[in-house]
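Before any questions on how it binds or moves, here is one chain, the form predicted on its own, in structure tokens.
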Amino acid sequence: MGISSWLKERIPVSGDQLRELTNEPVPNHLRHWWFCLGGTPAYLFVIQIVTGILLAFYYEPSSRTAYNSVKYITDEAAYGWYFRSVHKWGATLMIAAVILHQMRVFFTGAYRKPRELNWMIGMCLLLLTLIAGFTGYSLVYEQLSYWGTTVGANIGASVPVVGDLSKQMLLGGETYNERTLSRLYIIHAAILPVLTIVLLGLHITLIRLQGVSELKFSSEKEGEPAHFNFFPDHLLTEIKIGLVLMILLSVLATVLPATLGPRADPLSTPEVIKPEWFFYVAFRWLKLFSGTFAVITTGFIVFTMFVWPFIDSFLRRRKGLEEASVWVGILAVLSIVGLTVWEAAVAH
């Protein structure tokens, strides 16, 4: 019996069935790379998993050993500096890609019926990505990352009802202690990746069931096919994007490698505590308003983003408000960019 016959007997799926399953036609607008942003964070997530596993061989999640283990990775381990830098820049690009993907979905109305649930799953993935960035930054046990974690936990404590509990769960106590780093490591390296994989599976499943939302452009020629094959056409586009990202990550990791600041000192509070760039908006918002008000309004904004498909549906039924979502989106983007630039530009 040949290998082909042996496999067919145990895996009763023909080549035609497999091609039909994987070769679903996709809309023409996905020929443009800026409409393929959904695959970009997925690719970067794989990079994070691979480089994270390599770093985990040397990282020791304890306040006594974490800093020295990161220093060993950076200065002594073979190619440790490279993989740490790729991991750092991969996280930065992944967060940016998820944000840009959500913006693309918002401005093209791809969250509307029947895709409301998938929009909410996408929002969950965005939050998980931001939390992963926060916890990963905290694991280095630098002076800034230590105090950034402390400040973040104190901000979380301002949340009504569940604030104190969330702070204790994050830190393993009332303050930063010997158990904190191991908790952050478990959250970063185990809980968040598993949740992300589960939600990605649901996200992709819903896309396959509902199909990709279609966009029409005035530049399309009359009689031109509205769809093209996923394999090999769209797959080749994704491979090209992946190759470009690999080159970009390698260049960034080589030209701007991850550095290591001073070791955390719980007895010395730095004059300036500055978060990573993706939290500049929240940090500036907290500076503009009191702690509790800023936290509550931030929660309200996030909740509004989650349920926006239903708000949009309500607005579109009202005369004169059909395009209100576009203007709300423009205002939100300008606010995010403005607050981010403001926080980046002020003296620290």
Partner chain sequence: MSEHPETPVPPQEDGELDRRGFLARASAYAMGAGLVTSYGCFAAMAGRYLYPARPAPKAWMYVAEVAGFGVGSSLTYTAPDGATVAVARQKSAGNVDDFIALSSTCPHLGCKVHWEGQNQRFFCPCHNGVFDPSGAPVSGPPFEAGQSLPRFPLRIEGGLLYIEVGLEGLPTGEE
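Worth saying up front: this structure is predicted, and the values here are computed from it rather than measured. Residue numbers count along the first chain shown, from 1.
One more form of this protein, predicted together with its partner chain, exists but is not displayed; see below.
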Interface membership of residue 45, its partner chain in the predicted complex, 4.5 Å heavy atom rule: no
Close approach of residue 300 to its partner chain in the predicted complex, 4.5 Å, heavy atom: no
Contact test in the predicted complex: residue 211 vs its partner chain, heavy atoms, 4.5 Å: no
Touches its partner chain in the predicted complex: residue 58 (any heavy atom, 4.5 Å): no
Among 232-240, 258-266, 111-119, 93-101, the region lying within 4.5 Å of its partner chain in the predicted complex by heavy atom distance: 258-266
Interface residue in the predicted complex among 169, 247, 207, 127, criterion: non-hydrogen atom within 4.5 angstroms of its partner chain: 169
Output flag, 145, 335 and 340 jointly within 4.5 Å of its partner chain in the predicted complex, heavy atom basis: no
Residues within 4.5 Å of its partner chain in the predicted complex, restricted to 51-73 and counted by heavy atom: 63, 64, 67, 68
